[in-house]
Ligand SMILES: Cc1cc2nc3c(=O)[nH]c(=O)nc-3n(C[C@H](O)[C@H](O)[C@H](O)COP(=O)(O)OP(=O)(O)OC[C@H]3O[C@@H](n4cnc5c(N)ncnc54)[C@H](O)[C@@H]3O)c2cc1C
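This document opens with one chain alone, in structure tokens, the form predicted on its own.
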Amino acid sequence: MSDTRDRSITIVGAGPVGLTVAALMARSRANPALQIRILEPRPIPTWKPADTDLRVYALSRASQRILEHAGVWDEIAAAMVSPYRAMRVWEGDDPFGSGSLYFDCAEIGEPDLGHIVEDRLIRDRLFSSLTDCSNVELSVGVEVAAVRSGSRDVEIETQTGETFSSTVLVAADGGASTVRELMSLPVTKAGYGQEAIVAHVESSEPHRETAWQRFLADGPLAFLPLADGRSSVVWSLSSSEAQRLASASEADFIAELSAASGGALGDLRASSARAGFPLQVLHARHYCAPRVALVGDAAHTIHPLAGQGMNLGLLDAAVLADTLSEAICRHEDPGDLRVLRRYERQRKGANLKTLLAMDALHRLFRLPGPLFAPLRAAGLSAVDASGFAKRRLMREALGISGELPRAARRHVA
């Protein structure tokens, strides 16, 4: 049996996933026996209501409950979120014709299918909540230079030469994870040869609290509803086309975006800058090593066509927090590889299933149109006609079915 005194967790990465791990651990039963340190090389952005972040997420009900359990959802919702109550998916010219698929939250008795929330807002509220915790230390502007895992602790060296030890190290530092590289944890990855352009637009037609997604030959185009009536655009294109449009004039970009949208939201007007990021699929072969665990994009990245990346990361955070908290309360060593593998067993298979499904869907809709478009249209129509299939898909996407961590369930004991 192991002594629980002087337990410490170091989290590298102050994105939503890393901060959620910290917030859940700070509110867990293990908190009195715990010290938490967060290392982040970049400044924490401040959320401003008038400056909508280009990076937004479609958060599921499971993610909402996790953030509720972390103590920040009410503040996030009071600040600015946009529920989406329906989703329309189509291929071809008519978003309402054959070959389209329509999801409505009323069909599963839910108030919505999720919420569109800004990255900056989530981080701002989580960061603020953690500044009030006496056992949480936030170190901004600090980069990790070396990691040495031992039998009793893990030694972390920063770029400034500071060295300290921790019981557990959590890598929440993104797809290009420094910790993962320093620990030589192998990954399987491949580029899609695509980039996603993100922007915000105004439209002459209301978005109707609906997420719109059209599958095009070069990649999917999505419009996510924002609280102020605008829509957030996520347009996946071949890298060459994305780079061309990134440097195009505003008028030319809007003209091509309008044509690609098929007029689903009427006339479009630019209301923000544009940004782009390359798309890849990545999966770590191991989510843990002695005293080290990977979460979020450090463990897996998927194609954004279904908007599930952040939801998977928050589920990672909840399962890891459960695993570490239970181990501490049982007087176990939370950094022991046998403990960390409990987290890996719960998340690796589920994440890989979603990753493969998104990859397969992406490849299906990239197959040549004249031959495969009729088959895809028939498939979308068949799903649309099947109430059972639609309800199951909605429940899975919303995170209200299957095995869930404690923080993601409807009632938290």
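Note that the structure is a prediction, hence the values are computed from the model and not measured. Numbers for residues come from their place in the sequence shown, where the first is 1.
This next part talks about the form predicted in complex with this ligand, which is not shown.
- Within 4.5 Å of this ligand in the predicted bound form, a heavy atom is found for not a single one of 33, 293 and 334.
- Residue-level contacts in the predicted bound form: of 263, 71, 174, 193, one residue has a heavy atom within 4.5 Å of this ligand, and it is 174.
- Only one of 242, 199, 310, 154 comes within 4.5 Å of this ligand in the predicted bound form through a heavy atom, and that residue is 310.
- Considering this ligand in the predicted bound form, the lone stretch of 354-362, 34-42, 341-349, 374-382 in range is 34-42 [heavy atom distance within 4.5 Å].
- Taking the partner from the other structure, this ligand in the predicted bound form has a heavy atom within 4.5 Å of a heavy atom of residue 277.
- When contacts are judged by a 4.5 Å heavy atom cut-off, residue 178 counts as touching this ligand in the predicted bound form.
- At the 4.5 Å threshold, heavy atoms of residue 58 reach this ligand in the predicted bound form.
- Contact annotation: residue 15 falls within 4.5 Å of this ligand in the predicted bound form, judged by heavy atom distances.
- Contacts between 104-133 and this ligand, taken as any heavy atom within 4.5 Å in the predicted bound form, involve only 123.
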